Ligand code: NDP
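A single chain comes next, written as structure tokens; it is the form predicted on its own.
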Amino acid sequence: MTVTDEAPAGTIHRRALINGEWVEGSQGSFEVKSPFSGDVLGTVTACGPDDVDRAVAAARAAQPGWASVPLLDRVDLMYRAYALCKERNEEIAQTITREMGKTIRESREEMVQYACEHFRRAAEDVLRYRGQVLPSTEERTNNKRLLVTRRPAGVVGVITPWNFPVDIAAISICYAVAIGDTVVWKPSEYAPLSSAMLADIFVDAGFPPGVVNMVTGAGEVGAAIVEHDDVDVIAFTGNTATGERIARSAGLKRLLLELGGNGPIIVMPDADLDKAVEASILGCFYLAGQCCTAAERILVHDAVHDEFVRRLEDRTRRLRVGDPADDATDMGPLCNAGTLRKVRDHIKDARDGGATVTEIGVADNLLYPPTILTEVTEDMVIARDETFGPVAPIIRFSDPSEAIRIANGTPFGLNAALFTNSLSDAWRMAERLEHGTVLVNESTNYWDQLGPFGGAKKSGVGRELSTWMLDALTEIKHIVFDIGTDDHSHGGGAA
């Protein structure tokens, strides 16, 4: 991130949102560049710890009043924001594509199918969020009532990545404010322009000052949020190394960490190969492989290995790589130089270890060609770590137990996929896979907003989406009533 003092002529400048006002941060500003063209798209104010203090103070002051707003009034604001988001979907999608390189079709999907819908889904889910009334099991009496309910956790620190800059942020923010929390949000420095457009929606919909605050900048801004004593929950999506640092420094805060993955696709000998190939294309090359749910390994049975590879190569050659703003483009550039460096390092390690590397095209700056690797072994870095690039590493296996062992043989456990026509194999293997979600005859890059999303092992802590998200952003509250005796009471029990 390059800090600058002035915005280049003809570009836009975005500020931080603190207590309902757009303000300058204390650390100058930084440029936002297109990963495809290299053009400067705009500048964004750079915040520091003092700005985080002001944002957290605003959120803390606003939270009690916001939580006391009648639920139906909060829901009305959510629907007002939903309407605004629908009106602005295309403009925001275009901005996502320009600043982080996602194809325009992928950006429209992010906005129309996911981000915009979180306003509506949160409004509906909060209306159906229920508690419990339990009988006493401690005393032989009918006088006690145990009320179990949920209260807003307080101030939620939201730290979000660049690959789904609006969608992922909207999940945490929409559910937090719907339930009565307030938010201090740090978006990625690689996609702050589209993020600011999401913040605009909350302001323009009429959410009170301090309910949603946005502070922009690099990693030290996120660290200041994590370590702040007046932040109650941290909702972070990003790489595992950063997630582990957050866990060490967050103290006793509630944590919702959606971290990295090394998702396997297992192709059994009875699989529908064409369907498995299409799932691998989506799993490996959607968003140039820059998804935590990407298919980072394809495990293929010996009996169908060669035919699967042939079909995958033929299908990959039909992908159109280039300008992400072109509706015809299937795959755009990598977002930044750090991602490119990691992809190259992983491929070099695999090649040096004996893998065959087939690049379908030629690299051009951040445009990296879709790449297929065969003869990959478990000890290679690309088989153990998250690559986050347009790479399809293929590993052979000979029986289901070997496939399960390989699939479970990394520290990650987010999404896994399995292709088979055997119900018995699908059921038994899905139970043995150590992943938060197992998809049978579907790509690892499949999401359903009704189901819980999150990972096992080093892929995260907690689950998001639907009522699981509300669980993560609230505290359980237990209230006991003694309502006195009546004519049917038989007394008993110790005082």
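Quick note: we count residues from 1 along the sequence shown, nothing fancier. Keep in mind the model is a prediction, meaning the values are calculated, not measured.
The protein also exists as the form predicted together with the ligand; that form is not presented, and the subsequent description refers to it.
Within this chain, K186 lines the site of the ligand in the predicted complex, having a heavy atom no more than 4.5 Å away. Contact annotation: G238 falls within 4.5 Å of the ligand in the predicted complex, judged by heavy atom distances.
Residue contact with the ligand in the predicted complex: C292 places a heavy atom within 4.5 Å of it. At least one heavy atom of A218 is located within 4.5 Å of the ligand in the predicted complex.
Contact with the ligand, judged by heavy atoms within 4.5 Å in the predicted complex, is confined among 273-281, 158-166, 77-85, 394-402 to 158-166. Of the residues given (L312, V300, L418, V226), V226 alone sits with a heavy atom within 4.5 Å of the ligand in the predicted complex. Contact with the ligand in the predicted complex, defined as a heavy atom within 4.5 Å, holds for exactly one of A178, V376, L259, V267, namely L259. Counting a residue when any of its non-hydrogen atoms is within 4.5 Å of the ligand in the predicted complex, the one hit in 435-457 is F453.
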